[in-house]
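Take a look at this single chain in structure tokens; it is the form predicted on its own.
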């Protein structure tokens, strides 16, 4: 049985249709990339799958008992909670059971009731089975892998930038070890080294994953199937991102030929109908007209819309394309000392540094 089965899914906002009778499956061990242009409904699809939004129609079935983890960048985090406290909440159930076990041992010391000792022993077995005593080691591994050291373990979440917040929410999700991980643009706030760490993590992850990303190099390294969302349809392809795009190109080429062949047939039929509809062969013309009305039309192959940019040129008489003078950057407080620099015409400047700094 599939971990997730989507059948006849339709979704729209106002007069914009996102998908129409779309169906696909997520199977055990699949790391599925979700691709498509902005606005086609990739993030909406994740929200529909998690129940945050209701579709117009269709059925979404998760395998019973599956733990699904979702990278929710808008998670509600209490004021005053620090980074390390937030990461510990990934194991809140285990910490609660540990507290209960400690209480049982305390009560046993006072009463010598063997039933209390037995109950405490059962809890300890659960904690050991869930690697409770290795939690701190696992937290430190994730902190180092995603570069959270640079934020600081005692840094309050409420004072973090959006990028820092997204990184710690991703860290908590990975610590929870769900059966299925749903990630929406997970590399947006990660540096090159931390993206490499996440790639290794996902390749070692034996659960299933669904990943939205415009970083196609990243997707190519972590996926073994792709769903392409475009023009109201969701089509699944096997293999990596590059393999999937080759399959899509081949599919669209076949569709293009079928479409062109059908258009030739339609044009010939219409000419025949127009020529003989009122003549001696009107019966044949009406028969062909009926056939034409019942013909299942082949859609023209969809191709991505190409972006066009036009930057008007203004001759200022200066070699400076950009001048920055004592610029201070930050949110509630400056993150940088005031900076001054200029960019000359023809220069290409890259910005490098840790996210959130």
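All figures in this text were calculated on a predicted structure; none of them were measured in a lab. Numbering follows the first chain given and starts at 1.
Keep in mind that the form predicted together with a small molecule is not shown, yet the notes after this line are about it.
Comparing 288 to 296, 58 to 66, 37 to 45, 317 to 325 against the small molecule in the predicted complex, the single stretch with non-hydrogen atoms within 4.5 angstroms of it is 37 to 45. Only one of 277, 214, 177, 251 lies close to the small molecule in the predicted complex, with a heavy atom inside 4.5 Å, and it is 214. Residue contact check for residue 220: none of its heavy atoms lie within 4.5 Å of the small molecule in the predicted complex. Mapping the unseen interface onto this chain, residue 18 counts among the residues with a heavy atom inside 4.5 Å of the small molecule in the predicted complex. Looking at residue 53, you'd find a heavy atom of it within 4.5 angstroms of the small molecule in the predicted complex.
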